[in-house]
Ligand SMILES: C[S@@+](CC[C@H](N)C(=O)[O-])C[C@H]1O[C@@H](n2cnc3c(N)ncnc32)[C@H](O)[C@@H]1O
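Consider the single chain below, provided in structure tokens and representing the form predicted on its own.
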């Protein structure tokens, strides 16, 4: 069931995926870092919430896990079924996941939680369907990043139809803890670094799945990568 308030978000994503497809998103290699953190075991079950056309699911294929995906966008699921034919994907609402309690060994929600209208409800659903000890990865936008704080937000340049939003590190952490998740670690988004290396040192060999340490303050990150567990 999609509420009227979510229909605008769904329509925006349907139109965006229809026009831009995979060009709207990062390449599959950008999702390897989440697989590195999760270290999924063969035969385990993984759910990607707001899976889009399936880039996270594709990154997990070499791990021999059973992948599931759900997304609000009809067009995203259409593309995902073609791109990841072995994944079990369906159109649906993150606030009311169509899965039984304690189903998944790992869960991801990449660059989407900040767009959800009722985050606590969506997080509660992910907590519900995760098994005890399940590993969970989120990538979420940082409200203290220079671009968001001084350009996008004050100048009204952020995407309202797609419900683009952000929180700071403290607020994101409090939200995850309130839901019941245990925070294992937090990293800055690595992809801007990889794009910089590729642009200025195209000959350099980089491993996009490697966890790196950066000299800058975590609070300045463009986005945060949260690695969590369900106790």
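Residue numbers count along the first chain shown, from 1. No experiment lies behind these values; they were computed from the predicted model shown.
Note that the form predicted together with the ligand isn't included here; everything after this is about it.
- You can rule out all but one of 81 to 89, 143 to 151, 104 to 112, 128 to 136: in the model of the complex, only 104 to 112 has residues with a heavy atom within 4.5 Å of the ligand.
- For the candidate spot formed by 31, 95 and 116, every residue has a non-hydrogen atom within 4.5 angstroms of the ligand in the model of the complex.
- For the options 65, 175, 55, 38, the one in contact with the ligand in the model of the complex, meaning a heavy atom within 4.5 Å, is 55.
- At the 4.5 Å threshold, heavy atoms of residue 214 stay clear of the ligand in the model of the complex, well away from it.
- Of the heavy atoms in residue 24, some are within 4.5 Å of the ligand in the model of the complex.
- In the model of the complex, no heavy atom of residue 166 sits within 4.5 Å of the ligand.
- A residue is said to contact a partner when one of its heavy atoms sits within 4.5 Å of a partner heavy atom; residue 221 fails this definition for the ligand in the model of the complex, lying far away.
- Shown without its partner, the chain has 71, 72, 73 in segment 64 to 82 as residues with a non-hydrogen atom within 4.5 angstroms of the ligand in the model of the complex.
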